[in-house]
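Only one chain is included here, represented as C-alpha cells and corresponding to the form predicted on its own.
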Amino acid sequence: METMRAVGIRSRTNPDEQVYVSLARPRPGDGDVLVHVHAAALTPTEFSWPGTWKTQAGADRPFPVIPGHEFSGVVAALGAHVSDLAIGDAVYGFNDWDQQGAQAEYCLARPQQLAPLPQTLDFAQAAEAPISALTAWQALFDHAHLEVGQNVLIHGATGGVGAFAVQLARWRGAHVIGTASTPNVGYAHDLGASQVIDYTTTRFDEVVHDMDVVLDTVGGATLTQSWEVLKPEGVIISIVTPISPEQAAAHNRRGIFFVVEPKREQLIEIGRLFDGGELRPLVAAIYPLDQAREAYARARAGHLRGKVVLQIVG
C-alpha cells in the first residue's frame, strides 16, 4: 500500500490540534484526478463549515479529516473517462468541501475543479488563488453583474477575497472603494481602490453613498450598515452571512448570499489575468507541511495581506 504524509484533524471539538499522519494514498475513481500536491492554502474558517465534518448525506466524516481545499500541483493519475487532462500537467484548483482536503502529498479532484497553472506563478502563489479569486469573480460578475463605470464598495479590501475583488473590479472598469485597517490603507490603494476608508477611524456609512454594489466579506454590523449606502437598484453580495428575502425587502434593496462553485472556465480566465499582469498573487507567508500548526496560528492572527500557504513539495 502506497502511503502519504498529511495534516489531520482528529477532533471536532479541538480542530486547532493538527496532527501529522501517514495515510493510504487515494486512488482516482471514475471521473477523478489524482493530484500530487505541491502547495495548499489555509482557510481557518473551514472548521465552521458543515462539509468539514459531515458528508452530503449528513453522516459524520471519519477522522482524521484532512483540511485545506485549494491547492496547486501536478496530475499524478487519472480515473476512467477523464480526457481533458494528462499525467504531468501542472494545475491549480479546489476540491469538494466534504472530501479529504489538500494539506497532504496527494488529493483527489474532478476536472471541472482544475485549470492549468498560470505560467507566471509558482506553485505557492497559485495555491492561494482558486477559492478567493473565484469567490470574488462570481460575486462581482455572476451575481452582481458589475459593469464599467459602476460604484462598488468592497469590505475587507485587503483580505483573501477582498484583495482579488478590488483587482477584478478595477479590471472591469468600476470605481472601487474599499475598507481597510490603518496599516493596509496604502496597500488597498496599490491594489486598485480609488478610495480607501480606514474603518478604525471612519464609519463608512457616513462617507459613502449611492453604491451600485457592496461586497460584504465581514458580516455583522458591517452588513447591517451597508444597506443604507446602496442605490435603490443596488445589491449587496455577502459571502459571510445569509440574507433572507424579508431582510432585503425591509430595506427595499436586493441582497444575495452565495457559496463559491468550482468553474474551470473561470479559473482559466483568472489564470490569463495573472499572466497578463492584471492580477497579482497574494501570499502572506509560506510554511512547510510539518509546520502546519505554526501556519494556522499565523493565519488566525488576522490582518494578513493574502493567505498563508503550506509548501508540500520543494
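All residue numbers are counted from 1 along the displayed sequence. Fair warning: this is a prediction, and the values are worked out from it, not measured in the lab.
Omitted from view is the form predicted together with a small molecule, to which the following refers.
**Q** Each of 6, 66 and 101 having a non-hydrogen atom within 4.5 Å of the small molecule in the predicted bound form: is that the case here?
**A** Looking in the predicted bound form, the three residues 6, 66 and 101 all stay beyond 4.5 Å of the small molecule (heavy atoms).
**Q** Counting only non-hydrogen atoms, which stretch in 106-114, 159-167, 206-214, 72-80 is within 4.5 Å of the small molecule in the predicted bound form?
**A** Only one stretch passes the 4.5 Å heavy-atom test: 159-167.
**Q** Is residue 56 part of the interface with the small molecule in the predicted bound form - any heavy atom within 4.5 Å?
**A** Residue 56 lies outside the contact set for the small molecule.
**Q** So in the predicted bound form, does any heavy atom of residue 199 sit within 4.5 Å of the small molecule?
**A** Residue 199: yes, in contact with the small molecule in the predicted bound form.
**Q** Is residue 260 close enough to the small molecule in the predicted bound form to count, meaning some heavy atom within 4.5 Å?
**A** Yes.
**Q** Taking heavy atoms and a 4.5 Å cut-off, does residue 181 contact the small molecule in the predicted bound form?
**A** Yes, contact at 4.5 Å.
**Q** From the list 135, 226, 95, 151, which entry has a heavy atom within 4.5 Å of the small molecule in the predicted bound form?
**A** Exactly one listed residue reaches within 4.5 Å, namely 135.
**Q** Find the only residue in 146, 230, 121, 131 having a heavy atom within 4.5 Å of the small molecule in the predicted bound form.
**A** Contact residue from the list: 131.
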